[in-house]
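One chain follows as C-alpha cells, the form predicted alone.
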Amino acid sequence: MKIIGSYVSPYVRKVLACLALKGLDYEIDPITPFFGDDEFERLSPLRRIPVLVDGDLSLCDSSVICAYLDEAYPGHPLLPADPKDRARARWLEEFADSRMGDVFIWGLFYPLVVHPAVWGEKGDMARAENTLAEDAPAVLDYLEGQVPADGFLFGDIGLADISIATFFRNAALARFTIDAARWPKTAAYVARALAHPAFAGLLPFEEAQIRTTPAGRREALIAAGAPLSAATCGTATPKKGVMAL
C-alpha cells in the first residue's frame, strides 16, 4: 500500500493515523501537492493529497480513503457501531475537512507558512487576521459543545477524533494555540488526541520534513526511519493545482 503526500498535510496525517490504528503497513512518497509530476496529476487530477494506491486501486480524498480502509480491512474500527453515532461521526469528519480546513489551512497555515515557503511571497495577512479574530474562535466555540471532557467522542479514538485533531497540528505550526481558559474541553481533548500513538508516531517524520527543503526531504526522512517508497512523483519546481488559492 502506498500513500502519496506530505507528512505535514493534515489530510495525509489523517490517513496515516487511520492506517496506524488499523495496524496496516504502507510506504510513502512524501511530496507536497505543488511538487508533483504528470503521474501525480494523473492519479490526482486536482493535484491534491493524499493519494492511496492499493494494488490496482488508486483513490483521492482523505474521507474516501479512510472509508475504504475501514470497509476493506479489519482491526480497529474507525467509526462507531451505533447508526446515530456513525452519522454524527461522519458529520464531524465533514465539519473538520471542510470548515476547519478552510479556517486553519487556507485561512492560517497557507498564508503564514505555505505561501512564503513554497512561493516565496507574502500570504494574505488580512485573511489570517480575520481567521484569528473571528473564524477560529467560532470553530472552537462549536467544538467546545461537541467534544467530551474525558476520553474520545465515541469510546476509543476513531476517525472523527483524528479528523478534528489533525488540523491543530498545522495550526500549531502557524503558531496558533488553543486558549485553554476559554475552551478548556477542546484544548484538553486535542492534546489527548495528538498524544495518542497514532499521531505521536508521525511526529519525528513531520519534524524531519519541516527542517529540510524539498530537495533534501527524502534523505532526511530516510534518516528518520520513514517508510519511503523507492520511486517518487516529486519535482524540483512547484506547480499550482486547478483549485489552489
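Everything quoted here is computed from the prediction, not taken from an experiment. The first residue of the sequence shown is number 1, and the count goes up from there.
Keep in mind the form predicted in complex with a small molecule is missing from the figure; the text below concerns it.
> Just to confirm, with a 4.5 Å cut-off on non-hydrogen atoms, which of F199, F205, W183, F34 contacts the small molecule in the predicted complex?
Flagged contact: F34.
> Just one of F95, W106, Y142, Y73 has a heavy atom within 4.5 Å of the small molecule in the predicted complex. Which one?
Contact check passes for W106.
> Which single stretch, out of 215 to 223, 174 to 182, 191 to 199, 62 to 70, brings residue heavy atoms within 4.5 Å of the small molecule in the predicted complex?
Contact-bearing stretch, as computed: 62 to 70.
> Would T232 count as touching the small molecule in the predicted complex under a 4.5 Å heavy atom rule?
Outside the cut-off, so no.
> Honest question, do S9, R47 and P50 all end up within 4.5 Å of the small molecule in the predicted complex by heavy atom distance?
Yes.
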